[in-house]
Ligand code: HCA
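Given as structure tokens, the chain that follows is alone and in the form predicted alone.
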Amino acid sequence: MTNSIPFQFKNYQPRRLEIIDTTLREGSQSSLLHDHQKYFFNQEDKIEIVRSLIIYGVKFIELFAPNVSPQEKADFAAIKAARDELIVQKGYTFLLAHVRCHPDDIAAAVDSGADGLNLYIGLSDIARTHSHGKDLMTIVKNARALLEETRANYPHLILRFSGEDAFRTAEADLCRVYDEIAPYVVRFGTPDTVGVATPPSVAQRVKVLRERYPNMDLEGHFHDDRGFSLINALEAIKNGMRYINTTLLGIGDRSGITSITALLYNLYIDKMYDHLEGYHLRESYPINVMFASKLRKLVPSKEPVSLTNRTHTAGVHQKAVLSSVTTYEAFPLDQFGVSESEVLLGPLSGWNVIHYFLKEIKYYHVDEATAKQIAAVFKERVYNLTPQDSPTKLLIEIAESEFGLSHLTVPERFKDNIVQVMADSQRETAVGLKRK
């Protein structure tokens, strides 16, 4: 089967990897918004997120169909205006509306100025039985007629079709539908809607579709119900998939989908540099921090591009990273905007880091023997701290009150030269171990 649509993407040549970021569609379905009494992204949030994604290098952004609500319609217009302001500086970014195979959704998206339609309908037995109730032949007939009409009336639109729940859909059923609509679309989606896919099943499905539709681009949408969203996305890319759905921090329905920064980070580590064209990797951590603030939380510890991934609490680790952070940091997170490491004072800290902290950070007169004594007292008492207490304050109190340490006098002109700083478990002091 071939695709005959001569669509030119406004003279844009797709890259080896194109992210379709769906933070403002899929991500808006995350329960995290409710957990933090946020409930929805307001228009100001959405504009900042879209601008950040465009600057980061994303060329395709998925939004809700504008007829979801009057607010979504107004937000679509505001986002489009924000996109248009950046075209001269950053080039064209395509706004794609996530729509049902329904004329009302299509009309609303077209009226709002969407560049493309991401059409979907459930094809699995479960979806056909318990979601929309249509049999396969009805789906084929209706989808073909709707897409044929849409293509004829709006030849400029990017049209993608996804059989929802593709990995619980029999291969023959999926191809039965895709065969009929291939002449009208530029891309087929393979959504793992409920997170059942595994890397072998992804590789097999991509192989089948690439062989059957050699001129059709494929798109993946992988949920994380089994913790496989990232590895499934990587497997799909390695088998020739060009388009991958992501969100910031991987948020989405239930356990979410693939994190955009985690995906690009792993492609970099795997030396798949040709897939990173046009993405500004050093903005990875800043965009994660920005988005986490929208959720009223910190960047999650399971997100690879995070300060947590360069934070050390164990004494052995702390001693080693004072010499070289590469001892316990194997990957180049500095290339992704995490330019610092953090050492946390706490019950696992050894005398080496306590000596370093008191001498190099707080400018006390202290030798190694005294630091060892202070560390012994600190370790006895630190387990009695309450959530309102601070390990840093406890250590300083012990050093001054019981050991009588006095400060070195550091001329003002040298104070800014310190490049290694530390933090305690409450993040009360500066973040540490800056890389130059």
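It should be emphasised that the depicted structure is a prediction, and the values quoted were computed from it without experimental measurement. Note that residue numbering follows the sequence shown and begins at 1.
Only in words, not in the display: the form predicted together with 3-hydroxy-3-carboxy-adipic acid, which the text now covers.
J.: For the chain shown here without its partner, which stretch in 339-347, 272-280, 355-363, 218-226 has non-hydrogen atoms within 4.5 angstroms of 3-hydroxy-3-carboxy-adipic acid in the predicted bound form?
T.: Only one stretch qualifies here: 218-226.
J.: Verify the flagged residues His98, Ser162 and Thr193 against 3-hydroxy-3-carboxy-adipic acid in the predicted bound form: is each one within 4.5 Å by a non-hydrogen atom?
T.: Affirmative, all three are within 4.5 Å.
J.: Within a 4.5 Å heavy atom cut-off, is Gln29 in contact with 3-hydroxy-3-carboxy-adipic acid in the predicted bound form?
T.: Output for Gln29 is yes: heavy atoms within 4.5 Å of 3-hydroxy-3-carboxy-adipic acid.
J.: Can Asn245 be called a contact residue for 3-hydroxy-3-carboxy-adipic acid in the predicted bound form at 4.5 Å between heavy atoms?
T.: Yes, Asn245 is a contact residue.
J.: Considering only heavy atoms, tell me if Tyr265 and 3-hydroxy-3-carboxy-adipic acid come within 4.5 Å of each other in the predicted bound form.
T.: Taking the distances in the predicted bound form, the answer for Tyr265 is no, it never comes within 4.5 Å of 3-hydroxy-3-carboxy-adipic acid.
J.: Since only the chain is shown here, I'm wondering whether Trp351 would be in contact with 3-hydroxy-3-carboxy-adipic acid in the predicted bound form (any heavy atom pair within 4.5 Å).
T.: Trp351: no, not in contact with 3-hydroxy-3-carboxy-adipic acid in the predicted bound form.
J.: To verify the annotation, which of these, Phe291, Tyr178, Tyr120, Phe167, has a non-hydrogen atom within 4.5 Å of 3-hydroxy-3-carboxy-adipic acid in the predicted bound form?
T.: Going through each option in turn, the one that passes is Tyr120.
J.: With 3-hydroxy-3-carboxy-adipic acid taken in the predicted bound form, which residues across 282-309 come within 4.5 angstroms through any non-hydrogen atom?
T.: Contacting residues: none.
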